[in-house]
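Here's a solo chain for you in structure tokens, the form predicted alone.
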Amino acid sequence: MPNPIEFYFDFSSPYGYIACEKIDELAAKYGREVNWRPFLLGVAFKTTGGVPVPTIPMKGAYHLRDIIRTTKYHGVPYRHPTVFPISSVSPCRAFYWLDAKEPRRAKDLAKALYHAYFLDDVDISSADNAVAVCAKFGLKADEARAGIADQAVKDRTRAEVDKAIARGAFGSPYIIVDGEPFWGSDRLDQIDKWLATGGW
């Protein structure tokens, strides 16, 4: 059985959103599973000294152009959020709360959270809004709210973020195939070739 692909992403990352729409189909082409693992770029930035690109003069304006161009290139629908970037703590906790109970559904919840943010302009940094997305997804709102606030879920989220950074995840998406790291949705073609050839 081939190793699963490790998919690290932040819910505020448009490039992570692009990858989330493509990674499972790409992996299935080669008989691979994907381990979805959201993490917090803000924590990674504290380690690397990085800052959100939209806050950097000149780069911020280019960044928006690139996002719009890249989503069109990949055929992924996109609406730039009113609030950008955001803290992704609440959606990250919502994911790990559900992942502990129903890991296969957690992936679909991740997509629902991404769609709420990048298609419906819902600020999912708010716990109330993250819970509302969970409810629309078919989960019980009171259970989702309790899950996001649960200390065990907070501890799991912190541990997963630490693991991601220990694996080298400094940006989103950060995808590892058999130990080989690929950063960015623009590396999906390289991942395709790597899987096809066993590396080059």
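Residue numbers run from 1 along the displayed sequence. Please read all numbers here as calculations on a predicted model, not as lab measurements.
The form predicted in complex with another copy of the chain exists for this protein as well; it is not shown, and the discussion that follows is about that form.
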(message) Contact with another copy of the chain in the model of the complex for residue 168, defined as at least one heavy atom pair within 4.5 Å: yes or no?
(response) yes
(request) With heavy atoms only and a cut-off of 4.5 Å, decide whether residue 30 touches another copy of the chain in the model of the complex. (result) no
(request) Would you check, heavy atoms only and a 4.5 Å threshold, whether residue 36 touches another copy of the chain in the model of the complex? (result) no
(message) So, residue 25 and another copy of the chain: in the model of the complex, are they within 4.5 Å at any heavy atom pair?
(response) no
(message) Check for me whether another copy of the chain, as it appears in the model of the complex, comes within 4.5 angstroms of all of 3, 105 and 118 - heavy atoms only.
(response) no
(message) Residue by residue through 163-200, which ones have a non-hydrogen atom no more than 4.5 angstroms from another copy of the chain in the model of the complex?
(response) 165, 168, 169, 170, 174, 179, 180, 181, 182, 183, 186, 187, 189, 190, 193, 194, 200
